[in-house]
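Form predicted alone, single chain, as structure tokens, below.
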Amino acid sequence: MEKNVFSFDGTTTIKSAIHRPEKYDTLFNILAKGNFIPRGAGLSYCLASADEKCASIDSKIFDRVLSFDKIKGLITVEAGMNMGELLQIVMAANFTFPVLPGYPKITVGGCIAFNIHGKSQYNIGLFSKYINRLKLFHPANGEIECSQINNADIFHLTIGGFGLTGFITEVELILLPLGGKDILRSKVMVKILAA
């Protein structure tokens, strides 16, 4: 199906083919034809997940939790899960994900594709710091499992790689214990001196 696709800020519009596979068999058949780009929630200002010359593969249907190790603080999800839903799931188990974007609808795959910084990068770091491993599908090579140790070159190319290394089918994220569910807020008054 072709449709108009917009950048997050609405400044760029193109007509692009969009595929919405509901099963991995269908997804892999589409990917085998080549010339595709994965698309999450479409929240990129630069419209990175669509082009007139290739098909966009909508990943939002692939949004399940595949496993949750509450002892080790590891959760494995599909790339289409959005960060707001992920946070609700992990907070219910007294965990948090440290790198949180300002817009909760961004998908985990989108966070990986851009290696987002969240709202506290100065002391937490980038999204990549909390990826334990990932699995992606490449049309010529099938599914490839990657980590800092296993297929490290593909792992590092995928993080911040705008979806160009393949379609992420699962990712294992490192969680942190939730210190509490309250927020401490303080007011700071600043006196501005006239020049």
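Predicted model, so just to flag it, every value in this text is computed and none were measured. So that there is no doubt, residue numbering starts at 1 and follows the sequence shown.
The form predicted in complex with a small molecule is left out here; the points below concern that form.
Contact between Ala41 and the small molecule in the model of the complex is found at the 4.5 Å heavy atom cutoff. Taking non-hydrogen atoms only, Tyr45 approaches the small molecule to within 4.5 angstroms in the model of the complex. Proximity of His117 to the small molecule in the model of the complex falls within the 4.5 Å heavy atom cutoff. Proximity of Gly73 to the small molecule in the model of the complex falls outside the 4.5 Å heavy atom cutoff.
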